[in-house]
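Only one chain comes next, encoded as structure tokens, the form predicted on its own.
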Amino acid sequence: MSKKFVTLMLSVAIALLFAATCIYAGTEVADTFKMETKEYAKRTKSLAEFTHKDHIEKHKIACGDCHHDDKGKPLDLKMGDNVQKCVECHKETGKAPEGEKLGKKEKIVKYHEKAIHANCIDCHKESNKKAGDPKGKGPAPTSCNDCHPKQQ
């Protein structure tokens, strides 16, 4: 084999390895992660921890049950797809300002904190009701301290 051919093949192999690494790194989703974002540098409660694995495998929740488009319709996703963080679309991070004239649904669409809490808490309450508790209390956490444990 010629030296040029070997050099060319080595270059192609390195380029493919680099491309595959970049693609994989951009779509990797941690099984468990803290709901941390720079927009919440100051907070009064500890960070909530979320586990994709439990929600998907144990509770049989589809990705689109949480991840949706701008009209609220579920996205057709699978593990490994590249997904934006919630705050990329829900730009306003904190609670709605006092006196703002938006309904609950509009606040959920606009405000990150409202969207996260409504999505998680409403789903957890519904899950608990299906498990037999008419008040929505049960194994799925529904109170502040269940998801935001007191900091040590």
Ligand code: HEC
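Sequential numbering from 1, following the sequence displayed. Nothing here was measured: the structure is a model prediction, and the numbers come from that model. If you superpose the two forms and keep the largest set of C-alpha atoms that fall within 1.5 Å, you have the rigid core.
Beyond the structure shown, there is the form predicted together with the named molecule, which is absent from this document and is the topic of what follows.
Engineer: With a cut-off of 4.5 Å between heavy atoms, is Cys144 one of the residues that contacts the named molecule in the model of the complex?
Structural biologist: Contact check for Cys144: yes, within 4.5 Å of the named molecule in the model of the complex.
Engineer: Even though the named molecule is not shown here, does Lys101 get within 4.5 Å of it in the model of the complex, heavy atoms only?
Structural biologist: Because no heavy atom of Lys101 falls inside 4.5 Å of the named molecule in the model of the complex, the answer is no.
Engineer: How about Cys63: is it within 4.5 Å of the named molecule in the model of the complex, going by heavy atoms?
Structural biologist: Judged by the heavy-atom cut-off of 4.5 Å, Cys63 is in contact with the named molecule in the model of the complex.
Engineer: With the partner left out of view, is Pro74 within 4.5 angstroms of the named molecule in the model of the complex by any non-hydrogen atom?
Structural biologist: No, Pro74 stays farther than 4.5 Å from the named molecule in the model of the complex.
Engineer: Output the sequence-ordered list of residues from 96 to 122 with at least one heavy atom within 4.5 Å of the named molecule in the model of the complex.
Structural biologist: Lys105, Ile108, Val109, His112, Glu113, Ala115, Ile116, His117, Ala118, Asn119, Cys120, Ile121, in sequence order.
Engineer: Return yes or no for Gly103: a CA shift of at least 2 Å between the shown form and the other one, with the rigid core superposed?
Structural biologist: It does not reach a 2 Å shift.
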